[in-house]
Every structure is written in C-alpha cells, then in structure tokens.
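Single chain ahead, written as structure tokens, the form predicted on its own.
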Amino acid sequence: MSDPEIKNAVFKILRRIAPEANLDQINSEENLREALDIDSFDYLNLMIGLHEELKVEIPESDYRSLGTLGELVRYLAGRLR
C-alpha cells in the first residue's frame, strides 16, 4: 500500500471522527489531536478504525509515538509492507 493510499485511509476515518475538520489543511508533522481538537476517546477510535480498515495491529504502547499524520503514515507503511 502506498503512502497516499494510507493517508487516504487515515482521512477516511478522521472524517467520521471530526466531520467538520478541513483535513487538507493538516501539516504532516502537526499533532493531529491538537489540529483537529479531538480528545483521547476520538484518538482511540482513530486507532481502532485504522486497525479495522487496514487490518494492521497497532499495539497500545505505540499510540504515543503516532501523534502526527506523518508518523502514522510512516508507521503504517512499515507495518503493511
């Protein structure tokens, strides 16, 4: 799966969590929780959604290191190869 495909999958889930957010404005190294004003429950739903959408295991211990769009894409790309 390519990086743009992974980004699209992340955006698909984020649209369900934060439908009012303008995802095109997000900088790849900006903290997603801050940029989208989502709480820890919404962030957990993002991780669960990624697991379900991409069929990839994301250990809870990795959540803290996946705060930006760039970190998520790089992490998921490594897991999906």
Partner chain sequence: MPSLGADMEEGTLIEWSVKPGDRIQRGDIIGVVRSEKADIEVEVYHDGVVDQLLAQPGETLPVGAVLAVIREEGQAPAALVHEAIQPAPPAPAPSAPAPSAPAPMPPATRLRVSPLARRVAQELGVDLGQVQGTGPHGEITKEDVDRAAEALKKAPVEKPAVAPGFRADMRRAIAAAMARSNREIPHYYLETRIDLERALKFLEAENRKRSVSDRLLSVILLIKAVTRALQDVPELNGYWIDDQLQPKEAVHIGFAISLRQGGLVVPAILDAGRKNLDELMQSLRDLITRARAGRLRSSEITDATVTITNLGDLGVETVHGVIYPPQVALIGFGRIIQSPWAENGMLGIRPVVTATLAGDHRATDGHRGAQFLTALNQHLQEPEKL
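Numbering follows the first chain given and starts at 1. Just so it is clear, the structure is predicted and the values come from calculations on it, not from any experiment.
The protein also exists as the form predicted together with its partner chain; that form is not presented, and the subsequent description refers to it.
Within 4.5 Å of any heavy atom of its partner chain in the predicted bound form lies no heavy atom of residue 65.
Shown alone here, residue 38 lies within 4.5 Å of its partner chain in the predicted bound form, counting heavy atoms only. Although the partner is absent here, residue 47 is a contact residue: one of its heavy atoms lies within 4.5 angstroms of its partner chain in the predicted bound form.
Remark: residue 55 does not count among the residues lining its partner chain in the predicted bound form, judged by a heavy atom distance of 4.5 Å or less. Annotated contacts: 29, 76 and 81 are all free of its partner chain in the predicted bound form [non-hydrogen atom within 4.5 angstroms].
Heavy atoms closer than or equal to 4.5 Å to its partner chain in the predicted bound form belong, across 1 to 26, to the residues 17, 18, 19, 20, 21, 22, ordered by sequence position.
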